[in-house]
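One chain comes next, on its own, written out as structure tokens in the form predicted on its own.
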């Protein structure tokens, strides 16, 4: 999962260069808005790559060993490159190189074999992926990203927009620079990151958990395996952690400016008579999962289910 965390940054750099090229020259005139409908045979467990600049992309899994692309191409779209080679299928919406502005893009619905691995990259477009069982990577620079499905690994990220994941995957990573992030699932190792926005995580069991925000609160609900390692780091925002009453865990909680409310009984103490910070260390059920919570400006509340 870590290998892919810098992909959106690389993608942004490539698109910035592309954007500079698109501002050179005169506006291109293409055919009026038209429909698109094409189908290719594909492997049941193949890889499907999708790229688009603007419009919308919706990917859905189905039982056929085919990739079917349908939708509408706006006036600024030159063509759709739809190619298959072995286990790989690539769908790229192509725009003219010399165009002043791209206003009308492609709105596509893409049906893929349910067991496919899916990778979608967009610039100014919402992305939705559903009913896919393989690994899912979905990103947009300016647009919401929604994923429902995935049984192995899911990574969903955007720069400006909300991210929502509902998945049975065992590894989940969600990230937004400016927007709300939420993820729900069964048993997973979860990574969540937001610069400006709230984070909501709700899982039956966390096998590991890493969460950080610069300006935003965090709500985390679920059980933890005894070997789980959990780090919650908030610069400005409150934390609400809701866990089972019989949880086996060791807690270490610190705030620089904010209170600590602990439903398990033990009270926090001030770190210094000169500062408002508080700290709390305690164990439940004889200890187990390692849960660390740090906030610079904000309170922490630990609740029982």
Partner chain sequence: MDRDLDPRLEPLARRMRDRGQPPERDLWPGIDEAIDRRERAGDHPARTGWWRFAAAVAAMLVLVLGARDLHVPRGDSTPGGTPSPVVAEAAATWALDGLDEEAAIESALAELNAAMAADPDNPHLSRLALMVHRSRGEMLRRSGETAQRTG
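Numbering follows the first chain given and starts at 1. Predicted, not measured: the structure shown is a model, and the values here were computed from it.
As for the form predicted together with its partner chain, it is not shown, yet the points below apply to it.
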Please tell me whether any heavy atom belonging to residue 180 falls inside 4.5 Å of a heavy atom of its partner chain, as the geometry stands in the predicted complex. no
Even though its partner chain is not shown here, does residue 233 get within 4.5 Å of it in the predicted complex, heavy atoms only? yes
Does its partner chain get within 4.5 angstroms of any non-hydrogen atom of residue 284 in the predicted complex? no
So, in the predicted complex, is residue 56 in contact with its partner chain at a 4.5 angstroms heavy atom limit? no
Where does its partner chain sit in the predicted complex: which of 144-152, 212-220, 183-191, 165-173, heavy atoms within 4.5 Å? 212-220
So, 92, 100 and 121: all three within 4.5 Å of its partner chain in the predicted complex by heavy atoms, or not? yes
Interface check vs its partner chain in the predicted complex: of 49, 264, 62, 36, the one with a heavy atom inside 4.5 Å is 49
Listed by sequence position, which residues of 251-267 have a non-hydrogen atom within 4.5 angstroms of its partner chain in the predicted complex? 252, 254, 256, 257
